[in-house]
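One chain follows as structure tokens, the form predicted on its own.
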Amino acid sequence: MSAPNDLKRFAYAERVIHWVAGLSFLFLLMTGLAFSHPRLFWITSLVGGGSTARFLHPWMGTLFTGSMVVMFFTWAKEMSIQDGDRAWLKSIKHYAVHDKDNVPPAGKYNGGQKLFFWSMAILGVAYIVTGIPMWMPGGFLGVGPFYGGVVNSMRLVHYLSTVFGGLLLIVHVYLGTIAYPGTLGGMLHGTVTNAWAKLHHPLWHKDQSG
């Protein structure tokens, strides 16, 4: 629960679209892993079996793509990487070990969060470009058919993109929960404490507190 003096970090709509994107991606990640190897196919039992998972996967991909588009236009302007963000990224090893004295002060989003945003945006494009031919291998909107090597190439890129996206998701969740307590609260109820903001995003804290 938030306290009266907590700082507003995310609006309700921002939190909703974040969770829609995150949960739909988690579904896609798990079912994608199930399709990638026979020993992992048991994962499909969590969503009603293989046929159900195969039916839901592309539609959940559509939901994920839509949510990513909304997220992009919601946050792209704030995610512009500036000189301060480049300096922050150069000191990321200090951030990882909580050596805050050697980490440049961050605004509302630090360099790592901005890099994550752009990485997921690029991966989102890769997912949709490679996913559609796999979903409709006989052709799409009257365009020539996608057969053989083309579909296999798309499948390889799709899986590699998913593995990379899965690793990014693990890091994202770890940083937002275990590594830096208090971060998750911003996406749960929209606010963070003054102490958290001053420690992790001092420039934003200064702007918000006047």
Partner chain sequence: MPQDRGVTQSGLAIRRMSASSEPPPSPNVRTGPEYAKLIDISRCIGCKGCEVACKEWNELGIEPTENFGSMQSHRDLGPDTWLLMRFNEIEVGGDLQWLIKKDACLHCEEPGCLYACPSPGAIVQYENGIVDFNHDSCIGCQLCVSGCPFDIPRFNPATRKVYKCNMCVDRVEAGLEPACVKTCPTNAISWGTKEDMVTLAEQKVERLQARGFDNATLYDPAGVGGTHMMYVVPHGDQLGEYDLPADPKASPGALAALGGLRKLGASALGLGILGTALHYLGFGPQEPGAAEVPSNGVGGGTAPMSAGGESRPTVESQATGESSPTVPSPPTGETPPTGDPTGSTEG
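Positions refer to the first chain, counted from 1. Predicted, not measured: the structure shown is a model, and the values here were computed from it.
Keep in mind the form predicted together with the partner chain is missing from the figure; the text below concerns it.
None of the heavy atoms of residue 20 is located within 4.5 Å of the partner chain in the predicted bound form. The closest heavy atom approach of residue 5 to the partner chain in the predicted bound form falls within 4.5 Å.
The partner chain in the predicted bound form is approached by residue 36, whose closest heavy atom lies within 4.5 angstroms of it.
Using a 4.5 angstroms threshold between heavy atoms, residue 66 stays clear of the partner chain in the predicted bound form. Between the partner chain and the residues 96, 87, 125, 76, the one pair within 4.5 Å by heavy atoms in the predicted bound form involves 96. Not one of 47, 82 and 206 comes within 4.5 Å of the partner chain in the predicted bound form, counting any heavy atom.
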